[in-house]
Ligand code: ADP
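Taking the form predicted alone, here's one chain by itself in structure tokens.
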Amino acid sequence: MSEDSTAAAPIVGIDLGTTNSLIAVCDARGPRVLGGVASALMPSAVRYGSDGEVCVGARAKLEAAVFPERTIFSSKRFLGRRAEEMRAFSSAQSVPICEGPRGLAGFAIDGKCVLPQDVSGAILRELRLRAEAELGVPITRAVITVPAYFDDAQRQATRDAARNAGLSVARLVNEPTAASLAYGIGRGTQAGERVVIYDLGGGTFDCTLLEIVPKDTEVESDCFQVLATSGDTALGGDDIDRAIVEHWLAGSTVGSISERMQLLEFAQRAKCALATEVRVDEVVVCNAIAKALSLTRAELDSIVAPFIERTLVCCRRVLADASIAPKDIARVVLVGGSTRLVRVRSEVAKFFGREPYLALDPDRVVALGAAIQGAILAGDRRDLLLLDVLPLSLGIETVGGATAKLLMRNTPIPSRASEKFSTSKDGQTSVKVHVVQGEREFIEHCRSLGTFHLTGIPPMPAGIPQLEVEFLVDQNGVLSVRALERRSGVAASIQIMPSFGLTEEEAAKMDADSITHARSDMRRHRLTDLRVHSTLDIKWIAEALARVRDALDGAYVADLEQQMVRLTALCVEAEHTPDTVDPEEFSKLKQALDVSSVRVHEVAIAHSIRGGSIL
């Protein structure tokens, strides 16, 4: 590679995790995890073959049941720890624990003691190679995250692991600090605000209380100070998986390590699926015997309840150590894949009395924050767009693919807006809320930010449900969208970070395109609105007319139906050949029908008062 490409190499961010590890970079598009959507999370698993081959990541994890005595998991737990301290974790390892130099813990393979920093070094090396292949430049420097409670020995072991991987550590950053950086907490935030990081990962749990401090103080990242931290090094998603397996076994035994690992693999899949499903079923083959297994959301909630209580004990200890009440916490950030569990999120919200931050993938948020710290150390400019005002408008998709903007570009933040909507079909019990960003009038020309479904709406005629959608952008640029059906009280929500993956140049182009296409976009939007509202009007008039036709003058009914036929034809034309439709003519026909139909509705109302049914 050329000298120029070497000079342009970024300082990457690495989340060296107990269960999974990730590598990320921050450039003009903002922070992003490398490796793609499907393979970004690399299992922190390493297999040492008898032929000297070192296999890292997904393949090592997949084949662990075949090579259990050669596959090492959760090496991060052992970094810088003495062997006598780690005997309690031996049951969770399929590789025997041994004593290495200076009494340090290691793993016995082929009569040798493999140290945790060698295992973690193999993981870091694989991540480095992945980044070099994707970015096309050599990677030599990295920001690596560590738990806030790591002592000097554990931090030094992490540096040793990086050196084994051919990396220079630009900085070790506490994982809670990295998560806060990813959310932009501290940028434009008042000094003195307290933030809780609730980190429930695969192997460990940590609760850390941070305080935003003035920029000129000599503390980590010149932004955050750890006030208190507490955790449990034997509490995480892996422990929940084992509890699920014990639930299935219910006192029976499994004959081999490989069989138990098969059950653990399904337990992990089932746990993840129940974040969105209410029940999962699978047939698992153990020792040539097929076992039908199932797990419901209620069963999982019961299994995880004691684990959640253990996390809340740590949370109470942190607050007590800092002499702070839950009401004094400004924000709660969820980190770690296990925080996807529905019961975890609800219990954390209940404990702290506020909805936690969910906008970023909890598996990736630490790596993203590390990448941001790397860009800061490299002196690169970060185009984090949501600073003082919204760079682009925010809205939702409406019927016909149009965009309804709730917050306009250049709106100062924090900001809030709400709008009322309704359903477009009879008996509709769910609504998809599609959140978009941009200045154009149709979603096809805007940036999709996310979707969620509001379900459980009681079946009612089209246009009757009262749907309220609220947008709230806080001072850190996190967009919370909430949808509520006011009659039934059902609600759903999503959190989004609109600035991620969007450069200043892209934002400027979207703004310029909206000006270039303003006239045609507005014309098309007006026709769409006319078509949607006219279709609904025609439906309501036809239903009312069917009930009271005999009570109306025949000539009036014939004229009304003729108007409805003309407007229906215009709706079809507007949908298929919009360029041939004059919006002014369309609007006049709709208004004329609205006026003509008043008599129908008056008679229908009078009829219902006398005992008929209006709906």
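One rule holds for the numbers: they count along the sequence shown, beginning at 1. Please read all numbers here as calculations on a predicted model, not as lab measurements.
Heads up, the form predicted in complex with adenosine-5'-diphosphate isn't pictured, but that's what we're talking about next.
Student: Quick one: does Thr19 come within 4.5 Å of adenosine-5'-diphosphate in the model of the complex, counting heavy atoms only?
Tutor: Result yes; Thr19 sits at the interface with adenosine-5'-diphosphate in the model of the complex.
Student: Looking in the model of the complex, any heavy atom of Ser480 within 4.5 Å of adenosine-5'-diphosphate?
Tutor: Outside the cut-off, so no.
Student: Report whether the minimum heavy atom distance between Arg340 and adenosine-5'-diphosphate in the model of the complex is within 4.5 Å.
Tutor: Although adenosine-5'-diphosphate is absent here, Arg340 would touch it in the model of the complex, with heavy atoms inside 4.5 Å.
Student: How about Gly237 - does it come within 4.5 Å of adenosine-5'-diphosphate in the model of the complex, if we only consider non-hydrogen atoms?
Tutor: Answer yes; at least one heavy atom of Gly237 falls within 4.5 Å of adenosine-5'-diphosphate in the model of the complex.
Student: If the cut-off is 4.5 angstroms on heavy atoms, which of these, Gln268, Gln154, Thr233, Ser514, is the one near adenosine-5'-diphosphate in the model of the complex?
Tutor: Residue within 4.5 Å of the partner: Gln268.
Student: To verify the annotation, which of these, Leu545, Val399, Leu227, Ala275, has a non-hydrogen atom within 4.5 Å of adenosine-5'-diphosphate in the model of the complex?
Tutor: Flagged contact: Ala275.
Student: Picking from 524-532, 144-152, 194-202, 416-424, which part of the chain touches adenosine-5'-diphosphate in the model of the complex when contact means heavy atoms within 4.5 Å?
Tutor: Partner-contacting stretch among the options: 194-202.
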